[in-house]
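Take a look at this single chain, the form predicted alone, given in structure tokens.
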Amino acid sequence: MGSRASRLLREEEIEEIKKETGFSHSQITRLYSRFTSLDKGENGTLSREDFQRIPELAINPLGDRIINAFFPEGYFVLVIFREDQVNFRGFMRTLAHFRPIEDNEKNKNPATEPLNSRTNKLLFAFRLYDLDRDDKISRDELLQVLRMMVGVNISDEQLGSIADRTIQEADTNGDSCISFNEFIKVLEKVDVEQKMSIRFLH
């Protein structure tokens, strides 16, 4: 029991997370409560297994890809993450991609783009498809994700046709892959801000 109480968020941690993610104080405390309820090891971090126990992720065909998004490679692994564990701050950074853009945020010109900006939402979605993290979506990667989404409901031939057509329409430089810039161009008329937003209680 004492371990949970000793891991209460300090006010300065809440303020740092507010600045970094745009979540309100009450949203952060509510999400911290959810985070601690998921933390079965009671060590202040979540493992992949903790995420896999979330029913909505367990039944989502892209559940593993979404879970992987909480465990990125690169700089933040050293700062925020520990091996295959994510701490609360890393958890909040990932969730921030799904925070709706409020009207008062649209006119701000921050030094760094907020995590919930259109570009960062698209980058998050792009990385769900870029399985090998080489900054492009190949036909094979597109096929793998399509298979995850539709299962056995569509034949391999039909999936191949969908993948080929998608790449043909998106690929403007002729490399038979979809770059992030090509991905952005294809989705320019899609209301990504709405489709990739979750309403978090205030």
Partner chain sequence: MPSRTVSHGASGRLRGLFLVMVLVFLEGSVFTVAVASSDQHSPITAHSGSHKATDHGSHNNTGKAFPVLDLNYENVRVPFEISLWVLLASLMKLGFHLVPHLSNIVPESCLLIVVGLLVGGIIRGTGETVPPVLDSKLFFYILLPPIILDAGYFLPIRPFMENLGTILIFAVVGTLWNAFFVGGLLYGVCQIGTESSSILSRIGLLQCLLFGSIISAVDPVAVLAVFEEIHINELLHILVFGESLLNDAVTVVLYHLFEEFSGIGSVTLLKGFLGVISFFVVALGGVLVGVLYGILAAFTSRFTSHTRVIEPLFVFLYSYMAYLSAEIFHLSGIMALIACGAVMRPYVEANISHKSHTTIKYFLKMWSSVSETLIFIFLGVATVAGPHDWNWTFVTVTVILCLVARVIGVVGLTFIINKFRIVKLTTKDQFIIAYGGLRGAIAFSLGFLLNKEHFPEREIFLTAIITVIFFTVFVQGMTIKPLVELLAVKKKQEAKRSINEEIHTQFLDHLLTGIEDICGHYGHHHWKDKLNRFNKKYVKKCLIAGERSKEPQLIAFYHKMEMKQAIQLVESGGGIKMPSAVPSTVSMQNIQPRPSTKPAPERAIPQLSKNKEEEIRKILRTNLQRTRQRLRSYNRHTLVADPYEDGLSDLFLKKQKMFQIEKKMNTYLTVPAPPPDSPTMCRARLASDPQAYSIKPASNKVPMIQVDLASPQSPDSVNLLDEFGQPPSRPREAKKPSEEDEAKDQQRLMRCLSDPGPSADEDEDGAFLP
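Predicted model, so just to flag it, every value in this text is computed and none were measured. Numbering follows the first chain given and starts at 1.
The form predicted together with the partner chain is left out here; the points below concern that form.
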property: Heavy atom distance at most 4.5 Å to the partner chain in the model of the complex, all of Glu16, Asn43 and Ser47; result: no
property: 4.5 angstroms heavy atom contact with the partner chain in the model of the complex for Gln194; result: yes
property: Contact of Phe71 with the partner chain in the model of the complex (heavy atom, 4.5 Å); result: no
property: The partner chain contact at Arg133 in the model of the complex, heavy atom, 4.5 Å; result: no
property: Contact of Phe180 with the partner chain in the model of the complex (heavy atom, 4.5 Å); result: no
property: Residues of stretch 122-155 in contact with the partner chain in the model of the complex (4.5 Å, non-hydrogen atom); result: Phe124, Ala125, Leu128, Tyr129, Arg139, Asp140, Val145, Leu146, Met149, Val150, Asn153, Ile154, Ser155
